[in-house]
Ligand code: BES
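Below, in structure tokens: the form predicted on its own, a single chain.
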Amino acid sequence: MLVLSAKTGHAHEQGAFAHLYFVVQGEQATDKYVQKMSEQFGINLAAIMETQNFTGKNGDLLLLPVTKDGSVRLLIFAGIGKKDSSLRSFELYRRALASAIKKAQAARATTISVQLPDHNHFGVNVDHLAYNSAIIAKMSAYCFDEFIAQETRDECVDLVEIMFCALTDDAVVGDAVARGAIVAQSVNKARHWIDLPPSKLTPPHLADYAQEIVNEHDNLSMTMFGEDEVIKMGMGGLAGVSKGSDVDCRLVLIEYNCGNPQAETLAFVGKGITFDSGGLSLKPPRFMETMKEDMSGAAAVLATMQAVAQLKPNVNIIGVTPLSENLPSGKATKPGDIITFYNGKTAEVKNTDAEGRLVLADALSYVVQHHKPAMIIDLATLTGACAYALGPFYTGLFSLHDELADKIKASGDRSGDYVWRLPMTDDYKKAIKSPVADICNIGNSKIQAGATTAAHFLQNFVGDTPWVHLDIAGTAFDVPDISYYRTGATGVGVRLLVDLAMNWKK
């Protein structure tokens, strides 16, 4: 298991195989670490950088094997551009760090020492820099290869330790690295669940993983309802989606209690369709290939509960995950069926592939009625429309509550799980009208805007509770060109939810 640690001093003093330094654009000739490494290893690094056209701009990366006293080491220099306090600049730092760690892994490094750059370069404090560095380092090292034969595993070398080095003995850095390691472990746990083959991660499997998390932490408790109970409670959405599968659905609730009787309760709700075939509205084969990732919202919520149990924010949190498979069979819900939800509302099902909103409707209704949270945020791989609108780099945010939306956007900006708000006005509400039920589970094609009309569907189940819906359809899986991800799951949402919990009262 990869260990993250904080050290006092220079990276090259730590005994690691690879030493990573960051260089400001245009300052490589005067950079103190470039000069120090030149002296240490008897080379002219500035000249080497010039011949390699390494200027320190964002994306520049230089790997240089060196020897000293008969020992081989790997020096890595990563460009971080010119001084810039924008969000984009810090995000590019995350990616530079991740690229360097992946290069070190490819070079068979098992230990890496990282010289933290000057936090003032990005306009952030040292706590923020160290915390995010730890998260990104561990995320970058993640690799899903357990189903690849040992002798053919060549993408990822198992890292043993990444050391973050600062020149002052600052307890803040050590604490930030420790907290970042906790968050990264949870992100990677969510990614692992999502990456598992769908027959290895069914609703009962994921419910069992949730129970394991609760068993490990005294400040967590869990309630779980099986399919018979779901049916008896009148959860027609969750039960209706599950009808086509031979595997029973689950409704899982994990509660974190901070111990403060005056603390508010936040509700995190995650869609948990462990495989989505589309049901009788069957998807084309190529759109079904990655549908094991349709439980990414649930994975994010459950993994977040693991993190908050250790970080102990001063707010109560309930994580809710409706878990089901959406499969076709002779028992499956049919287009044209009408279902009744936990709060008594009815919906005409015109398309069984619009199933995520059906399971979320019951989960939202339940948490509103029984837990009366101060706010609700739901995460769901809900609509292809959102992925087409925003692509893979921003999660769609929908809300009628401006203050809460702003708070969640701030968490996204700080954490790197970026969100973009899309419209949710009454003009779109008529798209989900049905002549035979209260609402319809797909929007009128004349209005289009499938992501917004889906959000309006969900709004029927939250009452007056402040609520934000995050559509992670584009950001949950196979995100390209971001170096701290690999092919497969991203764990999107965990970093944001943890940040929101930790900063709720600040």
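Everything numeric here is computed off the predicted structure, so don't read it as measured data. All residue numbers refer to positions in the sequence shown, first residue = 1.
Below, we turn to the form predicted in complex with this ligand, even though it does not appear here.
Stretch-level contact analysis of 199-207, 383-391, 97-105, 121-129 against this ligand in the predicted complex, using heavy atoms and a 4.5 Å limit, identifies 383-391. Taking non-hydrogen atoms only, N351 approaches this ligand to within 4.5 angstroms in the predicted complex. Under a 4.5 angstroms non-hydrogen atom cutoff, this ligand in the predicted complex has E293 among its neighbouring residues.
Interface residue remark: R191 is not counted as part of the site for this ligand in the predicted complex, having no heavy atom within 4.5 Å. The closest non-hydrogen atom of E355 lies within 4.5 Å of this ligand in the predicted complex. Of the residues given (H217, K283, K82, K429), K283 alone sits with a heavy atom within 4.5 Å of this ligand in the predicted complex.
A heavy atom within 4.5 Å of this ligand in the predicted complex is found for exactly one of D276, D417, D362, D378: D276. Proximity of K271, I442 and A473 to this ligand in the predicted complex is complete: all three residues have a non-hydrogen atom within 4.5 angstroms.
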